[in-house]
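In C-alpha cells, one chain follows: the form predicted alone.
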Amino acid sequence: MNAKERFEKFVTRKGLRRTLQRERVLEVFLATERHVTVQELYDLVRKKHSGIGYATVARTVKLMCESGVCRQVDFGDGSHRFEHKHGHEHHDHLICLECGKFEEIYSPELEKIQDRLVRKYGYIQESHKLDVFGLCPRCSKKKRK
C-alpha cells in the first residue's frame, strides 16, 4: 500500500471525509523530500493551490502523522519539522547546534545495540529515534579558530 492509499484508508476509518484539499496537501508533501515545518508546507501548497488555508494544512499534517505517512522531527531549534515516514528507510539524525545543518544517518551496528537493549530490559519496541546534537565539521572548525 502506498502513502496515499494508507492516508485515505486512515481518514475513512476515522469517519472523516476525503476532501480535495487534504489530497492536495498530501500530494505536495509527498512531492518534497525536505524536512518541512507546517509553515513551509503551507507556503509550498499555496504556490499550487491558493485556496487552501493554513489551518487545513496544519490539520492535514496532524492526520498524516497519525496515519503513519510522516513523522515529526525536532532539531532543537524550536521548530517542528515533518518528514516522510511511509516507504522510507528508518534513519536517525546528526544535527548541528550552530548552523542547523543535519545529516540523515543509518548504522546497522547501532540498530543491533538498540535491539539488544530493548530485549535486555524486556521492552516491546514500537518505534525509536536518535538525534545527536553537536557541531558539524565546518562549525567546529570555526570554533577552534
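We call the rigid core whatever largest set of C-alpha positions still superposes within 1.5 Å between the two forms. The first residue of the shown sequence is 1; numbering continues from there. What you see is a predicted model, and the numbers here were worked out from it, not measured in a lab.
Omitted here: the form predicted in complex with a further copy of the same chain. The next part is about that form.
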property: Touches a further copy of the same chain in the predicted bound form: Glu109 (any heavy atom, 4.5 Å); result: yes
property: Partner contact for Lys101 in the predicted bound form: a further copy of the same chain, 4.5 angstroms, heavy atom; result: yes
property: 4.5 angstroms heavy atom contact with a further copy of the same chain in the predicted bound form for His128; result: yes
property: Non-hydrogen atom contact Val69 with a further copy of the same chain in the predicted bound form at 4.5 angstroms; result: no
property: Any residue of 116-141 that, in the predicted bound form, places a heavy atom within 4.5 Å of a further copy of the same chain; result: Arg116, Leu117, Val118, Tyr121, Gly122, Tyr123, Ile124, Gln125, Glu126, Ser127, His128, Lys129, Leu130, Asp131, Val132, Phe133, Gly134, Leu135, Cys136, Pro137, Ser140
property: Core-superposed C-alpha of Gln125 shifting 2 Å or more between the shown form and the other one; result: yes
property: CA of Cys99, rigid core aligned, shift of 2 Å or more between the shown form and the other one; result: yes
